[in-house]
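As structure tokens, one chain now follows by itself in the form predicted on its own.
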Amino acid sequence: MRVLGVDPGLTRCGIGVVEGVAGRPLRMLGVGVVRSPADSEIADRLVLIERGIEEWLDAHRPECVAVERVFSQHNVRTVMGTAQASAVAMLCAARRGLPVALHTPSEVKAAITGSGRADKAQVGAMVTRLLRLDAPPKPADAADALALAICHIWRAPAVNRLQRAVAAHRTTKGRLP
């Protein structure tokens, strides 16, 4: 499975592509950041993010896009920008018919480090180890994007099994044995 992870943000939108399957060594195919100037108009910044994500989608052809689920923060302005960048990533994926998975920061941290309260340094260290890199990706947004992709690769099989079980239960519900 090839997954494009997106750590949404207006100034720095982390992007990472990981390929592999659960239980096997993973491989990083690319990592980076899509940037937009803080002094530009919001609409122009969103266009820059859209163009950047489209370039990554064209270059790496992922099967799925994993995006960090926006969570409530104290700074409403920050959360709005993050939500807007997140929506752009989901739009780019949907336009291509790619499935989109949303993962909370604590889900990603727990999947990568074993603790939903891990700090950025711990996440970066585990991403470095899991992908057999020489150093943690910089900035932290890039490492977080890789962590999102890894989290999705590891969680997708279990989530798919649960979805199939629920669907099977719904189709047999009401039938006589």
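The first residue of the shown sequence is 1; numbering continues from there. Just so it is clear, the model here is predicted, and its values are computed rather than measured.
Below, we refer to the form predicted in complex with another copy of the chain, which is not included among the displayed structures.
The candidate spot formed by Arg2, Val21 and Ala66 is out of contact with another copy of the chain in the predicted bound form: none of the three has a heavy atom within 4.5 Å. Picking from 56-64, 108-116, 35-43, 128-136 the stretch near another copy of the chain in the predicted bound form, with a 4.5 Å limit on heavy atoms, gives 35-43. Proximity to another copy of the chain in the predicted bound form, taken as a non-hydrogen atom within 4.5 angstroms, holds for one residue of Val70, Leu26, Ala140, Val31, which is Val70. For the stretch 83-121, the set of residues having any non-hydrogen atom within 4.5 angstroms of another copy of the chain in the predicted bound form comprises Ala83, Gln84, Ser86, Ala87, Val88, Met90, Leu91, Ala94, Arg95, Val100, Leu102, in sequence order.
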